[in-house]
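Below, in structure tokens: the form predicted on its own, a single chain.
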Amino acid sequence: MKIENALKEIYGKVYTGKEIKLLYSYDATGQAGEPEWVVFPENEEQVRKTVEVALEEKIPVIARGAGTGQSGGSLPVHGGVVMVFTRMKRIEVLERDMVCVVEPGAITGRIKKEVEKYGLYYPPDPASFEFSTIGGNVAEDAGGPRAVKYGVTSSFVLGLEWVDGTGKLYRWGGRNIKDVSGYPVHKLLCGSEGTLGIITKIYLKLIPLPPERDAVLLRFSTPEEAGEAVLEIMRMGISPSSLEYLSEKASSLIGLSGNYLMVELEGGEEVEEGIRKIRERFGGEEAGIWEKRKKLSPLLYRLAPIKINEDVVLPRSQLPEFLRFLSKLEKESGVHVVAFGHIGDGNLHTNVMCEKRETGERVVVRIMEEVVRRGGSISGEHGVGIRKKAFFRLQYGESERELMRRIKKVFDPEGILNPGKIWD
């Protein structure tokens, strides 16, 4: 086949066996789409040439890291070429600039460990950071518990290099902490899920490694009380590095009883003072549950065999009433609605656990409608991918969708970059 021969000229080896195609056909959603060819680029020139070949043949090109995505963003739903970036994993720490230059296949956890050798810190910490790749984090604009203080992945992206849908290479931004010359075009790629370009290099901002860290666990009788406490904590002059919520049903799975907030602070001398203020206001106990919290997701299957995991985000002021809504919805629907997550920035994981998927999907529709009605968003960190396409119109009107389509056309005129994601 013409495209296969062209890819062999670029890579020497192209993978077409059923086993390897199956390996790169799915992600953490459990959904799948089989590619026709799998390749492993080692440099940006191979990426550029691959896109040129795909453009000539009008073949889809999908960038892939570790496959940890929760929205189907890396699934080859229309076949085509999957480019697996695990061989492009170089990390360069520019200590004096407090910048890290990385390739997209570098594991996020490895980046964090590498920069800490220099007394530096890369805060973003999605749940999968120990095995997810930084390219996927940028493409999905991943968050994590520490986003409440530091922001999501894009908050630390100073510059990008990428290949667009015509095979052209761009370099935007770089090692400068400030740069307001021209449009910040590279920021468009953060969260674009590989539909605007294929990232080949990333410039990350670093900060000094905080010397102190401490946490406290707060218990509340009702979800609404926990929601109100979030508002109060954020106005106390304290800047939590993490502010996590566990609903009563979530906490019961890890041996607790009640609605909980886990508040973590990191920094210098202010950490001890901040913990003291929180304890004086809310009481609290030692917060040695973080490892249990990380293991919560698989424990949900004790409730029901089917899990529909959503990651909605709302204005903080809406949290108490939204949590009340979830409790009411659970009683009305007869399915388990288990809420937990990064409540400090309004981001909640609403896990619908059910016996029949159709029943669960109806509950998800009601959740999404309520989120948008309250001024929230259908995704706080997982992205749209294929999982949330049906809800995209809830949040964005025709004018907004048309503008995004026009942007897509500029970056990818023939629509070969990760087609079928965000919208059709």
Ligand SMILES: Cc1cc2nc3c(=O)[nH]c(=O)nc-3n(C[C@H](O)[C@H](O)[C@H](O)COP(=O)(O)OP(=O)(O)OC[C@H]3O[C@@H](n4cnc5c(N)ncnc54)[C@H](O)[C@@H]3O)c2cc1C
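Owing to the predicted nature of the structure, the values given are computational and were not obtained by experimental measurement. A residue's number is simply how far along the shown sequence it sits, counting from 1.
The protein also exists as the form predicted together with the ligand; that form is not presented, and the subsequent description refers to it.
Contact annotation: I198 falls within 4.5 Å of the ligand in the predicted complex, judged by heavy atom distances. Residue contact with the ligand in the predicted complex: P223 places no heavy atom within 4.5 Å of it. For E140, a non-hydrogen atom is located within 4.5 Å of the ligand in the predicted complex, even though that partner is not displayed.
The ligand is not drawn, but in the predicted complex it has a heavy atom within 4.5 Å of T68. With the partner omitted here, the residue from Y170, W290, F131, F282 that has a non-hydrogen atom within 4.5 angstroms of the ligand in the predicted complex is F131. Among L253, L158, A127, I278, the residue placing a heavy atom within 4.5 Å of the ligand in the predicted complex is A127. Taken together, Y150, S241 and G346 are entirely out of contact with the ligand in the predicted complex: none brings a heavy atom within 4.5 Å. Residues of just one listed stretch (225 to 233, 331 to 339, 141 to 149, 264 to 272) have heavy atoms within 4.5 Å of the ligand in the predicted complex: 141 to 149.
In the predicted complex, the residues of 380 to 414 lying within 4.5 Å of the ligand by at least one heavy atom are, in order, E381, H382.
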